[in-house]
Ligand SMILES: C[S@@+](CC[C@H](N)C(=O)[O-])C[C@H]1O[C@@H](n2cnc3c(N)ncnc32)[C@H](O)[C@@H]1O
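We begin with a single chain expressed as structure tokens, specifically the form predicted on its own.
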């Protein structure tokens, strides 16, 4: 193990800062042997098998190409749950956990129905279903490959989530939901020039980008869908581009939402919106 850790550090040192190499090494050995950091420390002198050495070399080679470690290992964690990740889906991020947390800590009834639009890996839908088993949770996406990963993640985490294919720009949906939550594509094609290569070269562009001349097209579609699909007093939770917070708020108000709240993320950036559809009935969700 000692030689393996030295090998990893040496091979990655020309490509990553030291502060990034140590977490990468922890993830590698958690993947190989299920080790946490403490277990890694106390097992430093244990040697790797020939198969493990080959796996480490293959992992290091891919990391040297700046491929995200989540894709290299095929796994990540979201809201404390394990998820399978492939290049067919976006890598779940902490900001999206904040959106899920907002929904889970909102005053919702115990048996609401929730739609996760643009579900990708299913991380949002699965996390909600795991935390609120009484909720009826569904997820939709335009990508069949992403939906296959989402279904696998629902099974992995022992949750009951229904997934279906739908393009939210051309929605064909009849069920009424109490909540719609979405992390849609919100980066414009102009943003590509500013993006790090490990995102631009590996994550699915269909899930990342919207045309620069239509930066809010997915939010407009979601707003329209919500006004026809959400129950009275139902609400929508959206992750947004921090550059378009005011525009998204204005769009939702113009669409007829009764209450629109813009909230900053942990870094103080305006990244989340909750909007209430129609006039709330009985117990208010606003």
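None of the values given here were measured: they were computed from a predicted structure. Positions refer to the first chain, counted from 1.
Same protein, other form: the form predicted together with this ligand, not shown, and the subject of what follows.
Scanning 114, 103, 149, 118 against this ligand in the predicted bound form with a 4.5 Å heavy atom cut-off leaves one residue, 118. Residue-level contacts in the predicted bound form: of 128, 161, 168, 179, one residue has a heavy atom within 4.5 Å of this ligand, and it is 168. None of 128-136, 184-192, 151-159, 104-112 except one has non-hydrogen atoms within 4.5 angstroms of this ligand in the predicted bound form; the exception is 184-192. Put simply, residue 218 is close to this ligand in the predicted bound form: some heavy atom of it is within 4.5 Å.
Using a 4.5 angstroms limit between non-hydrogen atoms, residue 142 touches this ligand in the predicted bound form.
Using a 4.5 angstroms limit between non-hydrogen atoms, residue 206 touches this ligand in the predicted bound form. Interface residues of 82-98, taken as those with a heavy atom within 4.5 Å of this ligand in the predicted bound form (partner not displayed): 90, 92, 96, in sequence order.
Legend note: Cα of residue 147 to Cα of residue 211 is at least 3 Å closer in the predicted bound form than in the depicted form.
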